[in-house]
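Single chain ahead, by itself, as structure tokens, in the form predicted alone.
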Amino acid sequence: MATPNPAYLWLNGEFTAWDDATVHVSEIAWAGIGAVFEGIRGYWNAEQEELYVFRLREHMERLHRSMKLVRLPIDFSVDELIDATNELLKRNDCREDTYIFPLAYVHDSYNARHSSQLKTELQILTRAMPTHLNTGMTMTGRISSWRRISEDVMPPRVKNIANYRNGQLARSEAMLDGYDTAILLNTQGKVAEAPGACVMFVRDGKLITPDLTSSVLESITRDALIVMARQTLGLEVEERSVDRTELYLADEVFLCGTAAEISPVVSVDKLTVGNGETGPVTRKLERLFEDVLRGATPDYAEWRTPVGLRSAVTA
């Protein structure tokens, strides 16, 4: 069953009815090339009747960095974007796990290609997105024949829409070959990331992940899991260059990101990872991560922005 559209979106500083938010068809061709976005999630706590948005400030700060790098003018502060997001979630009465999608792109993108005076269009959308954490979901992966984009081609550390074609090609290849996902190597032949997700693995009790100079996104989820692994689980964490064969010999492998959350990978190139099931470290991280996201623990409260849906009802 199709999910109904929300009542409102936020567009250039205004709350706009969904059906009234239109652009001309001629905008489609060039708008996405320099567009940047954020993927943000809110998690519903039914007992508390509250929606918690995960690391909202960090996401809006990264959106600002992405806009700077692709030279899009920035007309709204981080605080203004945070306030707009919270108000949009209230107006749409988002009482379920929710995906939040800010998108910035060039206004009148066809003509703007020939102009030094750029104007930014900025929108924020919401839609339902149930979690798959702690559901037992697992994935199979293959090393892609496509290489991850590099710093001297396009900036992999920011969320530029055009970057994601790289991962789409890799995922399509993997799925046609019977796998669930792909893992891309960088131009040095080292592990980079999966389409839309970072790669982490466990070996001999250590959590290991490619470092930020390995052509990976500066992932907010990746950073959070590193912090929780060290501070709460007491794990040693290594951020470094990673060989593909390390994934073959790993005890556990998982992907992480806003949409990916924590996605266990149980085989790579048809080599079974560990015992072919979600590993114990991954399970511990999954349980901890969901508790943090939903406000079921007081830990890491600074990462959660309560929207105020409960108070909106009782006011």
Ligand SMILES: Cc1ncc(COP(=O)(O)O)c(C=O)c1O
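One rule holds for the numbers: they count along the sequence shown, beginning at 1. Because the structure is a prediction, the values reported are computed rather than measured.
Omitted here: the form predicted in complex with the named molecule. The next part is about that form.
Student: Report whether the minimum heavy atom distance between residue 219 and the named molecule in the predicted complex is within 4.5 Å.
Tutor: Flag for residue 219 set to yes.
Student: When the contact criterion is heavy atoms within 4.5 Å, does residue 164 count as touching the named molecule in the predicted complex?
Tutor: Looking in the predicted complex, residue contacts with the named molecule include residue 164, since a heavy atom lies within 4.5 Å.
Student: In the predicted complex, does residue 196 have a heavy atom within 4.5 Å of the named molecule?
Tutor: Residue 196: yes, in contact with the named molecule in the predicted complex.
Student: Under a 4.5 Å heavy atom criterion, is residue 257 part of the interface with the named molecule in the predicted complex?
Tutor: Yes, residue 257 lies within 4.5 Å of the named molecule in the predicted complex.
Student: To test your reading of this chain, name the stretch in 121-129, 171-179, 219-227, 82-90 whose heavy atoms come within 4.5 Å of the named molecule in the predicted complex.
Tutor: Single hit among the candidates: 219-227.
Student: For the stretch 137-165, I need every residue with any heavy atom inside 4.5 Å of the named molecule in the predicted complex, listed N to C.
Tutor: Sequence-ordered list: 148, 159, 164.
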